[in-house]
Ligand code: SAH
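First, one chain by itself in structure tokens, the form predicted on its own.
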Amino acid sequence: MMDGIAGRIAERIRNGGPVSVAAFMTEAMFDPREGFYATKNPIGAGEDFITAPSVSQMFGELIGLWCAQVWMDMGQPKSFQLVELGPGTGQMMSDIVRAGRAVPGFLDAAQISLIEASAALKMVQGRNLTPLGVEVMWLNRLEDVPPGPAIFVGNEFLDCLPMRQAIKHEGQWHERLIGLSETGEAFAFVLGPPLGVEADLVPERLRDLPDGALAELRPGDQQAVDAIADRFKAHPGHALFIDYGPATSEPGDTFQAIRQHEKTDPLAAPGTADLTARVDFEQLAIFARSAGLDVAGPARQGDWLKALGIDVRAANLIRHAPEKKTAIARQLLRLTEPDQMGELFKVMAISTQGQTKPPGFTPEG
């Protein structure tokens, strides 16, 4: 007998038929009473997963200096919005603030906002940021950010946005939906109706694949880009996204669940595991350029961090705390090596047209 979120989704399926992967993810992650992010802090070594800011302070510090350089390149506006999308525990913003203190005027000009849906995480963020003595505003939506020049940062934000899936069947793309098993006691993937005109949502690189191919559609990414583009039409800015995924569109099922650092069945026990899917950076760039924005990247995380000077920062930390040399070296490898986070994770900046290209990206990228 399914109860809680699972029971409500099952009842919805019984009454109205199978649901999209996006609808399933939304219920499981953001249900205000029992959703994964509504009820717990899932980030950290003893929780469900680890993100780059919790690996090392170097990650957030370099992003802080990146933000400060971008602010200077924008002409050092006396007031600007510094916004983090999906700020997790608040660790990255904490490191951004500490690093930003080294740049005169940067924090005085910054109006800090956190876009966060989870009440549980808001409390954690407050505990981490209050000791820094900076004023922070919590907002529910990107569209709620006050007017003015802006710098947005989002680390592992896009991968949690609900996505849809499609399967090629008899020459047509059909939506892959979630229904109930024959017993009605479990969820199962089912073939939905043809996408019809929505087949244009399938990434162009994948449209001519043979029957049986699976493509992931990311309308949430487009909505985020469109909201940023609408804002940048009136107020200049940059948005930095760091996430896991390929540089070019690839077929395949990347829908996954992580519980206590282990992969588990994404259809089992919704609300108890983190549901994500890789980000398609080629599509993200297409969305941004179609909305009239400039794009830098994607760059591999390891290359980008090295371009920003993470090796120098690691050496400085070791010089001041030689007893931590092994730990710092291990953190550096975790963030930058190709077989760790260095290649799987990509970095992309989208900006108002005509802005100075942000640091860390190659001239051709």
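Numbers for residues come from their place in the sequence shown, where the first is 1. These figures come from a predicted structure and were not determined experimentally.
Same protein, other form: the form predicted together with this ligand, not shown, and the subject of what follows.
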* Each of 37, 87 and 115 near this ligand in the predicted complex, meaning some heavy atom within 4.5 Å? -> yes
* Between the options 298, 302, 64, 53, which residue brings a heavy atom to within 4.5 Å of this ligand in the predicted complex? -> 53
* **Partner-contacting position among 224, 161, 215, 239 - heavy atom within 4.5 Å of this ligand in the predicted complex** => 161
* Does residue 283 make contact with this ligand in the predicted complex, using a 4.5 Å heavy atom cut-off? -> no
* Do residue 71 and this ligand come within 4.5 Å of each other in the predicted complex, heavy atoms counted? -> no
* Would residue 155 count as touching this ligand in the predicted complex under a 4.5 Å heavy atom rule? -> yes
* Asked: Does any heavy atom of residue 121 come within 4.5 Å of a heavy atom of this ligand in the predicted complex?
  -> yes
* Of these, 178-186, 285-293, 87-95, 245-253, which stretch puts a heavy atom within 4.5 angstroms of this ligand in the predicted complex? -> 87-95
* Can you tell me which bits of 240-256 touch this ligand in the predicted complex, meaning any heavy atom within 4.5 Å? => none
